[in-house]
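Quick setup: one chain, the form predicted on its own, written in structure tokens, and binding and motion questions come after.
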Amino acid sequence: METASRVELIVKGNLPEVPSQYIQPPEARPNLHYSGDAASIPTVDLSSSDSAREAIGDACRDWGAFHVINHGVPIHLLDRMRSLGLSFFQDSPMEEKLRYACDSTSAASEGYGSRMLLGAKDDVVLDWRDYFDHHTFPPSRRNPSHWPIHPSDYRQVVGEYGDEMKKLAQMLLGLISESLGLPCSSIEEAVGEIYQNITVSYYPPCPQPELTLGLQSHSDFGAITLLIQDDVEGLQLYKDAQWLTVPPISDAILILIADQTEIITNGRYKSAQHRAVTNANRARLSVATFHDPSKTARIAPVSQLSPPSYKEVVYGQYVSSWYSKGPEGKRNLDALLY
């Protein structure tokens, strides 16, 4: 059980200033008066795999991220997943939420939490975020009794959403492989059995958004992330030495290349460094679906893209380093470079 204070409770206390453990060091604080616009982030239409393949290759090479439309996931399912997440955070009593509290001493444990990184309590700057993490694949990890029971369709929708996201992720990994001239199955075979987590993140209004981050700068450590947002801006990508705000597109899904795909593609495609900023007026919600290798998987560049620029790594060791040392951008990935 996690006993750390929830950001939601801090906000309800109407404090005029954020507690010190949420204040970022000066070099990490966002410049809310200026951020570039990532409106030019590519949007890929998946209705034609031939044109999508080339567009995905360009997007992975230039951005490490792209939106997809005509993706095959029912729009009503995206909308319902967002509304259920919002209902849990805004409508459920705290007593109900705490029944699902996660274990803060274990990395990526399932349930309701606030603290992402491990380590000494006073050593970590906290993110201005509460979240609920669901374990959805492989089927042996999926236990809906660990998920909220209200609203009544919550568990069914999360299950359906996970199924649809996994199918889309596998299709995208195939197109990404083909965009490099590799067989369709190359990246997925290198990843192995897919482990999927669905994380609903809730960013309450913050009295001092210029001092905080909803989520610190990082790249995702798995293979590929599929993300949907509500209509509140806050997600930023780091590109060409500046932070660019990603505009929400309600019917689109944002694809983020993650670290293991950067390794497998031998750096041809880079993982997307990103963060979340806060604001003083409106809560924000996002749903990120992570697709990762098993903890025992050994990840290395595929042989067709030699010579290797990255050392082989056991995925579980990579994850442990990420959670214990903190991401600090992409330092854990950079440590694998020859």
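Just so we're clear, the structure is a prediction, and the values are computed from it rather than from any experiment. The numbering used is simple: start at 1 and walk along the sequence shown.
Only in words, not in the display: the form predicted together with a small molecule, which the text now covers.
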The stretch from 283 to 291, 56 to 64, 40 to 48, 301 to 309 that lies within 4.5 Å of the small molecule in the model of the complex, judged by heavy atoms, is 283 to 291
If the criterion is a non-hydrogen atom within 4.5 angstroms, does every one of 171, 182 and 188 touch the small molecule in the model of the complex?
no
I'd like to check something about residue 265: if you look in the model of the complex, is any of its heavy atoms closer than or equal to 4.5 Å to a heavy atom of the small molecule?
no
Hey, in the model of the complex, does residue 259 get a heavy atom within 4.5 angstroms of the small molecule?
no
Would you please decide whether residue 212 lies within 4.5 angstroms of the small molecule in the model of the complex, comparing each non-hydrogen atom pair?
no
Would residue 203 count as a contact of the small molecule in the model of the complex, using a 4.5 angstroms cut-off between non-hydrogen atoms?
yes
Work out which of 82, 218, 155, 135 lies within 4.5 Å of the small molecule in the model of the complex, going by heavy atoms.
218
Quick one: of 73, 102, 252, 227, which gets a non-hydrogen atom within 4.5 angstroms of the small molecule in the model of the complex?
227
